[in-house]
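So this one's two forms of a single chain, laid out as structure tokens and tagged structure 1 and structure 2.
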Structure 1
């Protein structure tokens, strides 16, 4: 239960190991050529529109169709599987890990994700709030909006095809919004975090506690 989270233990864990470990897998079958080495620092995508690719991690080549795969986040390369260098691998084979240093804001979000009910993207697409929800957010703010299972909350837009997305889950308020209109969200990534109204004090406690206990932003 979220109410029973041991914050001291959680914070101690983040203090002793303030990193996310992002595993990188082969996106499809093919022959792999690594472009990074263990211990190398890598950067994620940059630019105002995310147009500058992250550090090139590996190339995968199938039927003379090479694809370059870049880092989606910054960090240090660890656990690189050099035994796959030049080898043909299956889709989904783990190739390396990026040890990503967490910022204070990310730690708060990570802890909140253990408390909030997350509603994830059904497909890789761009999302925006349903018009009714958006107008209510504009008037009162997201945290004043209560949603219930079956409510049309979002519109998924892909190739000018708009699909309404219905919320499934327990009733609650929209506490966290993880997407930006016009920015693509990968399938399975959280779109919003929902919180039962009675848990709002707990959420505030988490935020206050982390802000107080964390000395720096990094």
Structure 2
């Protein structure tokens, strides 16, 4: 049960290691050329709409068709697999890790994921809120929206086909939204976090506790 989560242990864990470790994999088969080195600081996408690419991490060349892969987050490069430099690798081969310093807000969200009921992407696709839900969110905000199992809450856009997505899970409010409309989400990644009404005081307690325990906002 969520109420039995040891928040003291969780907070201690984040205080001793306030980082997320983002593994970077080969997006497809090809020959790899690294563009960063161990210990190098990298930045994620910039600009008002994230239109400026992050730091270039590696180039992968397949059939003389090179593709540049940039960082999706800021942090420090660790565990780079230099043995793959100039080598042909398979899709999904782990190439390096970005050690991303977590902000207070990210730490709160990570801890909340232990408590909220997560509704995950059924397939790798782009997602949008159903028009009725989006209209209610625009008027009142996501946390004013209560949803029940069986409600049509999302539209999945895949291969130019839109399919309604129905919520399965406990009744509750939409507490957290993890996707951006029109941005592809991998299968199994959380789309929204639902909070049962009786858990709202617990959620508030977590947020207050993290804010009080964290000296600085990294």
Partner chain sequence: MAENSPTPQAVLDCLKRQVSPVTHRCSDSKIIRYGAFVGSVIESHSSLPRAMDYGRELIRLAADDGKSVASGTVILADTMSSCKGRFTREWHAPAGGVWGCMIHANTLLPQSRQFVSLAVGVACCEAVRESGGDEALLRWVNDLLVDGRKLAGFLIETYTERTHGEEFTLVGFGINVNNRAFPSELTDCAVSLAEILGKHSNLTEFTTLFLAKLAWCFGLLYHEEALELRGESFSGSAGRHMLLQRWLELSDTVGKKVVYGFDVMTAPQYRAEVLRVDEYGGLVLRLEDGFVKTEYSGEVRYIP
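Just so we're on the same page, rigid core means the largest C-alpha set that superposes within 1.5 Å between forms. Here the structure is a predicted model, which means the values were calculated and not measured. Numbering follows the first chain given and starts at 1.
- Each structure shows the same chain on its own, and structure 2 is the form predicted alone.
- Among 58, 111, 166, 42, only 111 lies at the hinge, the spot where C-alphas switch from fitting one rigid part better to fitting the other between the two structures.
- Relative to the larger rigid part, the smaller one is rotated between the two structures by 16°, as taken from C-alpha superpositions.
- For residue 189, the displacement of the CA atom between the two structures, after superposition on the rigid core, amounts to 4.0 Å.
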